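Given next are two forms of a protein chain, the same chain in both, each as structure tokens and marked structure 1 or structure 2.
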Structure 1
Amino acid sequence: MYQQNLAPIPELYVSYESAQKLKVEAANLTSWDLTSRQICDLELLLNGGFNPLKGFLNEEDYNGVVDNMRLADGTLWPMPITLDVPESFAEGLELGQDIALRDQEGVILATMTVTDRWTPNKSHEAEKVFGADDDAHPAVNYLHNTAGKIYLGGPVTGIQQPVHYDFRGSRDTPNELRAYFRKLGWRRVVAFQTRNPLHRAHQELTFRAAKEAEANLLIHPVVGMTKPGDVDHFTRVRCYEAVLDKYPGSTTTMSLLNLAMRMAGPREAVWHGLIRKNHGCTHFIVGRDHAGPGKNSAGEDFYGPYDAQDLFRTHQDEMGIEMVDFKHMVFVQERAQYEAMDEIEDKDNVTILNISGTELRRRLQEGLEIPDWFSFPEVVKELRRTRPPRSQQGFTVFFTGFSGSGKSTIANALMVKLMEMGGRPVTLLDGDIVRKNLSSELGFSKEHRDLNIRRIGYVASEITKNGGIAICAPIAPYAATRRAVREEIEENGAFVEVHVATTLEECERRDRKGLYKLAREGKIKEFTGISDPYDVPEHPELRVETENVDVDNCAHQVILKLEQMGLIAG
């Protein structure tokens, strides 16, 4: 049974000679610039990681995958792999036409024959694939707020692999891994999927899994796209490299997988299993709440802790890869060792220690001790390098509220107070300043206002990344845009949303710039609060009332909040 896992699998690349010829021909085709997620998908389509897929799903396959996890011919495949594009691009295409797929630098990676074009029912896709049409799920949010409206389907022809400049020696295609296993005589290989740094519990668990399956171990971390807010892959790979020395070299190897995760829990686990089978593995470790995205809008987990294992078990014979279930490992102080929680018989008489992911983040943020029993000193050192304590990180304070609510005034006061404290450079990105310097060509349509906020977010994220403080004070009426900016900034530091909750009546009464009067007379179209909606923030870090409160006090409330969050030293 295990030998087929080492035979080469089909790739979708053409030979070098054909590729040179195709490149010249493809230069004249209509071209689509791939998004980051589409590049990840394309790479795994081309190198056989998504075998048996021959391209982006056509409509019939898509419907089968969404509704019952099967392609039209009955093959098991749980995840829709689609090329999403905006209507404006799709309108210009004929069915049967070839298009060139380019990376973000404009390099042609592949061509695609567009056989299908359709408008998917995204709410239905969300319900079926992710279990709920709930924007709290990162992939559902992506589906509705980032992905294009139209899906294109059709076979792809690979011209060249996407380029990676980092960790080149650790990236392997399915056929490269299969050849490596063949060369070393590894018949049985258990894969461990992870998107987090490895600590001692993971090491214990992977050791056990390999022993249980009598197999060699492949540590196979995802370095494509994971969940917003995860530790970046550069830091993680440096952590993995530090831990690899703790494993016996003859039985363990590590390879990086350029996958764009969807955090789809049970379906994702089956998908991960099929991808690992394509990479030559015979066993796969499935965790508790495998690839779960956390809490839904109601504050409950999206998936039950064992849903993923149950779905995998149902399909494992057909998939041709065996599940090794992940035990919950905890540290038993009296015996100074890790044990599986459900195998400890004297639970009541021993001290059981465990640090959750949330607790680890808190300790890193506040610069607190992380005990040796929990992680390796090399890993902790690496994490501390990337994540200094919060009081030394950059952050963004994002004021939102109606025009004339007092955002700019409070933002100015806050800026002066932070400058008085010193220690980090402070930049104020006020609505009017930004419109003069960054967005002078933009008008006030919904699209342009959105673009303006995205630009502010981009500049703030760069300031935050470099350890400075950005203070933004746009109106920012749309919740979806504010969320996108939050996600962009939280990759680099804290995002503090401050809702300046002055009522519309009060803003109109103040009307310092005379804009409300013009809006009421219909001279300004799409004016927030009058002829355009304002989404009140549901869970801002702080809400300030400005009526009968002086500016200094409002700014001071923000300072107290920053102190409470550990962003400025008390």
Structure 2
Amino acid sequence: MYQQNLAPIPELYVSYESAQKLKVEAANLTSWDLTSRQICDLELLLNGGFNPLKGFLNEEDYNGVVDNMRLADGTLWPMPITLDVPESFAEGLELGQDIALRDQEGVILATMTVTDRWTPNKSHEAEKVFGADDDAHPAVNYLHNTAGKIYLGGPVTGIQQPVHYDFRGSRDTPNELRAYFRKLGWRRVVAFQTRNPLHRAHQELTFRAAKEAEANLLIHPVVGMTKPGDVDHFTRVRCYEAVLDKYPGSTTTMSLLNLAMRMAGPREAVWHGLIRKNHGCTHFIVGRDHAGPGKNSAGEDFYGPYDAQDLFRTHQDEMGIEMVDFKHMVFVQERAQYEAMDEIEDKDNVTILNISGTELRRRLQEGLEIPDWFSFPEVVKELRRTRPPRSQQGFTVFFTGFSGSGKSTIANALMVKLMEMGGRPVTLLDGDIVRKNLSSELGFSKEHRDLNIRRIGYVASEITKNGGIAICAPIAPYAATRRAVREEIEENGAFVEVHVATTLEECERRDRKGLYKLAREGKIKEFTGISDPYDVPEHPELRVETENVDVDNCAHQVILKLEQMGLIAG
């Protein structure tokens, strides 16, 4: 058992008076607008969550952390906390120069003295820190495709905390939590890290862990950045608040941690432990596949299921925080209670119930029952509010095809059919209509077409997010742009690509607007199919042929597809 020390830990803020002065001076400095991830990192640097770091890592510390999880002075630190910037920003700086660090609204949060500037070997960082240079890992993907090319290092001086407007009462700095534990006399505190909603099994395992460690319990969820696709933190926090009532009074508390996770498995577990130690905890629960990133591009797990526990155990004496291993809790039907899987002796004679994460998502998506033994009714209600069944979610139908292929006509028929069904608002973003309003200044160069499709995609994704149906009907000739729009929309709901596959010959034969004739005569330039390219969709959700098929039937094929995808109730 490690001795708990609840004395305040060093923060990197200057006093209130100095901050006011520094803020005025910093306004004249070159400034860097922090990315969302950097804001999370800065918050924990400034409030001592990343103690003993005093700023973004310099090159020597970075090399030590990447290669052997240690700062240059030998202190254990598993995660590179770096300020990545583009070359264009780094070029103009001189070493020793102070820069202002601003949030996304332009508020100056801190200054930093740039002592180091270097070009990291990102593949090496990926291999060493994340175990593989594979973009299927979210942090490796971030490293290669989002992070800037250059790293800046140096100490930071805090002016003010990053501003949060949500759940302000539940966000605590390490020193606030330490003071809370001091006040309540909590000498042993076990922390539970989570990025998922809590169900009954979690409540059982955390309570059991606390009992075993004879400790109080801190539910310490991450609300900064988690794995793409996770339940948003607003919903999760409402769920956690409901679960908090299920613990015996004054045994348990919850605090929100604005951490940007990296999903680095074993290294992440050690990092999480150090952060919890800084927050005054004595014990930390490490689960199977802790902070696991999912499968690599070969379809295999990035880390072994117990790698995180093994690495944590190796370092726990040095860290001064004790690991409590996560028990796999399952529901035993005959005894109507949760039990640790490895402690059930009569496994062959009892019925063991469990619902996987995938199965839970399926049940939510299809509006199916989620039994009481699995979760708390309050939690299920919150999840259902956020993730209604697919037949109540927004979606986008995206028609693509040549000019005159019949996109607009089918889109109009589809709109009317959906409006007849009712239930969700329907918006038609037809090519011609968009070009009269949203994109009136654009022509038909590749750049302008892309901009046009991006705008349509943005509006459709907002409609989808807000539970409506967007029907888009532009030519959208470029596959890469269609894919980008798909990705944007799929964050909020389904994207149904419909290729209206009328051949160019047929479109030209129909020539309903007389445009093909003009294009052939060279009077309209860059005309799709004649003097401009069209990438035929390879895997649309649906391909409709229009030759010898009437419009009503084409629209009906789309309706059947939507039914099949669960987007409209049959």
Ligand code: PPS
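By rigid core we mean the largest C-alpha set that fits within 1.5 Å across both forms. Throughout, residue numbering runs from 1 along the sequence of structure 1. Source: prediction; values computed, not measured.
Novice: Between structure 1 and structure 2, which should be identified as the form predicted together with the named molecule?
Specialist: Pick structure 2; the other is not the form predicted together with the named molecule.
Novice: Superpose the two forms on their rigid core, then report whether the C-alpha of Arg520 is displaced by 2 angstroms or more between structures 1 and 2.
Specialist: Shift at Arg520: 2 Å or more after core fit.
Novice: 2 Å or more on the CA of Glu420 between structures 1 and 2, with the rigid core superposed, yes or no?
Specialist: Shift at Glu420: 2 Å or more after core fit.
Novice: Given a two-rigid-part description of the chain, what is the rotation angle of the smaller part between structures 1 and 2, in degrees?
Specialist: That works out to a rotation of 23 degrees.
Novice: Ala494: how far does its C-alpha move between structures 1 and 2, core aligned, in angstrom?
Specialist: Between its two positions, the C-alpha of Ala494 lies 3.4 Å apart after core fitting.
Novice: Would you mind giving the Cα movement of Asn548 between structures 1 and 2 in Å, after fitting on the rigid core?
Specialist: Taking the core as reference, the C-alpha of Asn548 is shifted 13.6 Å.
Novice: Can you give me the Cα shift for Tyr458 between structures 1 and 2? Core-superposed, in angstrom, one decimal please.
Specialist: Value for Tyr458 between structures 1 and 2: 4.2 Å of C-alpha shift.
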